[in-house]
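A single chain, nothing else alongside it, follows as structure tokens in the form predicted alone.
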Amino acid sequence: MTALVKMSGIVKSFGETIANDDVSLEIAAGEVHALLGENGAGKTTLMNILYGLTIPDEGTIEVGGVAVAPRNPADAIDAGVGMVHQHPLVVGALTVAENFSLGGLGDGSPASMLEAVADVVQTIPLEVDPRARIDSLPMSLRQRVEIVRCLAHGVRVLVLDEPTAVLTPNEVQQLFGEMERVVEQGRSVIFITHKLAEVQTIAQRVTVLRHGRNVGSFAVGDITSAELAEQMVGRELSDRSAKGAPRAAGAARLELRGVCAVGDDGECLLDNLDLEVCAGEIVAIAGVEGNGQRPLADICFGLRVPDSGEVLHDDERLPQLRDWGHSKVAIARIPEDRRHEGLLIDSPLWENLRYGPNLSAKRGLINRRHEVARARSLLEEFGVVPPDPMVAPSALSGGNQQKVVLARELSSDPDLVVAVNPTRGLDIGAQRDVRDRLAALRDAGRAVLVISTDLDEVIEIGDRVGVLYRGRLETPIAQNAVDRARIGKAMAGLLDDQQDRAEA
């Protein structure tokens, strides 16, 4: 096949950390090429080099047979390369049309934006009001805005960095259809992912990076998911589940009674929600993004007061987050937005790891040597790359940022864990580790609430499973009654009759 992109002998180091070690990669015209690897394997660094965000120490790049050396994204776009990042690089306070104008498409008016993207939206419908503010859109639409913006520049190579991490199952299928239409036009898609099933579904070829090196490129039809997983981690992964045998739960650690939440526009976000999470169990809540997960998490995190109803922690009213340090609340918070709500993004990792589940810094004098040593130990235990306490989270990949949040929260002996999409952006080995850690906390008598858009995760880990749809919670069901088809039906709001609801 004709190589549209050819990267040869790419080397990039950050201090003592070698992110890319003599990596070569070829991408054919008209293919979806998956880039697979553990967190910190060098995938995003390699693509940032292709997109001009990072300058390589060594190596060459060709696009369409022409040597290029992009020094910034504008150079890459001129060469025909566009990239959509795991966290969309759009300005939340501006409208969709204004964000397009920042990229040189239109003058900020809806009419000029629609004219600039007219050809692209025939392939990938945008279906969004150009006057809408970006921060009012769900993550899936923010991502769509970036994809359309890239294609409107006429790029021949579209790099998607973990694009499905913020999408529902139906949205993933829509994205895959769009990717297929893009490659039918002779363009190429480089698809960075951790999800082996997605590689098998959409990609024609896959390249695996491990510890900064290319360990092989394969035709997808010639390699199994198990073999890909082994290539990623360098060892065989056992096929086990984090879910334990059915057990009797203990006392309720978290109770929501008749909780209602109303949006600024009067929309009902949570509708008379009842929920109980007991010691010694994992309750997993499934649902399509935008059905009340955010207000539910904010209420459990002490960030929001319900408009009606009550929230109890160990039979007492759950205080607001700012008071947790005084009340000795030991709740581990794993928020959905790790960059803005889980980390001090520009502070060194050792400072980030000084906070416990109550998110209040330790009082008194700081023994910096002790804190740095403790941080290094936690970083190594949780597999953060690089395990350097002096590095800021902003320098880490999204998956490694998540590991930092998990290291801080799960290492502090919480009695209750509230986790929103805890394994989002993590590679298969790290996902297994997180689920094992949550299961270990459950087995030690802790209570765990997982709110996730990943149906596989919910089914694998939940002792009881509930479905959140338009702010209403289907009664959590027992472990031995979990039925994927009926849970999927509930997520789509299709449990209309009493028998369906009883059986689900």
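Being a predicted model, the structure only gives us computed values, none of them experimental. Each residue number is its position in the shown sequence, starting from 1.
Heads up, the form predicted together with a small molecule isn't pictured, but that's what we're talking about next.
With the partner left out here, the small molecule still marks one of 441-449, 42-50, 461-469, 26-34 in the predicted bound form; by a 4.5 Å heavy atom cut-off that stretch is 42-50. Taking the partner from the other structure, the small molecule in the predicted bound form has a heavy atom within 4.5 Å of a heavy atom of A395. Contact check for E162: a non-hydrogen atom falls within 4.5 Å of the small molecule in the predicted bound form. In the predicted bound form, at least one heavy atom of Q86 sits within 4.5 Å of a heavy atom of the small molecule.
Using a 4.5 Å cutoff between non-hydrogen atoms, G399 counts as a contact of the small molecule in the predicted bound form. Note on the partner interface in the predicted bound form: the residue among H194, R142, R408, R149 having a heavy atom within 4.5 angstroms of the small molecule is H194. Taking P138, P110, G80, P386 one by one, only a single residue has any non-hydrogen atom within 4.5 Å of the small molecule in the predicted bound form, and it is P386.
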